[in-house]
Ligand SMILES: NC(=O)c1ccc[n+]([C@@H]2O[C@H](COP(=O)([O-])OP(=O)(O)OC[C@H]3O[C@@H](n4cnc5c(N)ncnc54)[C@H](O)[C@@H]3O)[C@@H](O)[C@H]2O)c1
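Only one chain is shown below, in structure tokens, and it's the form predicted alone.
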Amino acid sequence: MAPAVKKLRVGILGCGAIGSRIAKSVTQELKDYCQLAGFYDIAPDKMTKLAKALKKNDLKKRSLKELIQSCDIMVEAVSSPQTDQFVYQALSAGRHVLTMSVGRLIVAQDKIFRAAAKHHCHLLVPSGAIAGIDALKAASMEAIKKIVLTTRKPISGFTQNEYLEKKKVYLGTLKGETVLFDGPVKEAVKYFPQNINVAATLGFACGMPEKIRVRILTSPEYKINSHEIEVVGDCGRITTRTENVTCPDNPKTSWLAVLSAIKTLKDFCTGYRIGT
């Protein structure tokens, strides 16, 4: 009889809407490829809620360190100002990391990439809510003249945004399509950390975030999240558009982004990947 294939142990950091969805997938449709090793959140009530839903109270961890020790790959789903530190800590411990809060990594990206290389670990960045990442990666092998990302989201996706509050943008008074932001990637992910991770993903994919222009729009008429990407370079022109329903548990996130993470995790655990 052939020996059983060892399943990768998955640790979930962050038990909010996204982390909980991924945890449930690990115990359901991905159970043949990996196993849930544990989950951790600084909010005990979120851990308790997830433990109850999964009927796995024994998998609650007492600290990030304990979570990292228990797994082979850590899924980061916290969108915290300390996200880069959490990811660095896991990589430095020799753990692979799948990150959802890509925008939080931009400032410390060189340090994080070095840690991954030094400890021979994979840092997985799902395509998220956009299409065309494989084409952009290929196009970046030659010169790229410009990249424009235009994101449109319903007003509900921007509630309690500090940047908009400081700019005195009152979402409840908007009557039509309104440009909330128009500028570079680093500022976009700084001011909209829960809305525009796709901009950071584009920056990592092409290696030249300074060439990306980000436009963020909203309107009372918007019901879905959409992302348009235009790339112009020596390879030609690439245009993509995705129209995504929002995550059932979090209007600030596209459902496609969650599905992208689950698929990325599955491919990593099975050992094969299609696309550039």
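The shown structure was predicted, so the numbers you read here are calculated from the model rather than taken from an experiment. The first residue of the sequence shown is number 1, and the count goes up from there.
What comes next is about the form predicted in complex with this ligand, which does not appear here.
Chemist: Only one of A77, A90, L105, I147 gets a heavy atom within 4.5 Å of this ligand in the predicted bound form. Which one?
Modeler: Selected option: A77.
Chemist: Of C71, A188, V198, L136, which one comes within 4.5 Å of this ligand in the predicted bound form, counting heavy atoms only?
Modeler: Contact with this ligand in the predicted bound form is made by V198 alone.
Chemist: Counting only heavy atoms and a 4.5 Å cutoff, which of 39-47, 209-217, 235-243, 23-31 contacts this ligand in the predicted bound form?
Modeler: Result for this chain: 39-47.
Chemist: May I ask whether C15, Q194 and A257 all come within 4.5 angstroms of this ligand in the predicted bound form, judged by heavy atoms?
Modeler: Yes, each of C15, Q194 and A257 comes within 4.5 Å of this ligand in the predicted bound form.
Chemist: So, G128 and this ligand: in the predicted bound form, are they within 4.5 Å at any heavy atom pair?
Modeler: Yes.
Chemist: Can any non-hydrogen atom of S226 be found within 4.5 angstroms of this ligand in the predicted bound form?
Modeler: S226 lies outside the contact set for this ligand.
Chemist: Whether L202 contacts this ligand in the predicted bound form should be assessed with a 4.5 Å heavy atom distance threshold; does it?
Modeler: No, L202 is distant from the partner.
Chemist: Although the partner isn't part of this model, could you tell me whether N250 comes within 4.5 Å of this ligand in the predicted bound form, counting any heavy atom of the residue?
Modeler: Although this ligand is absent here, N250 would touch it in the predicted bound form, with heavy atoms inside 4.5 Å.
Chemist: Determine the residues of 97-118 with a heavy atom within 4.5 Å of this ligand in the predicted bound form and present them in sequence order; the list may be empty.
Modeler: Result: M100, S101, V102.
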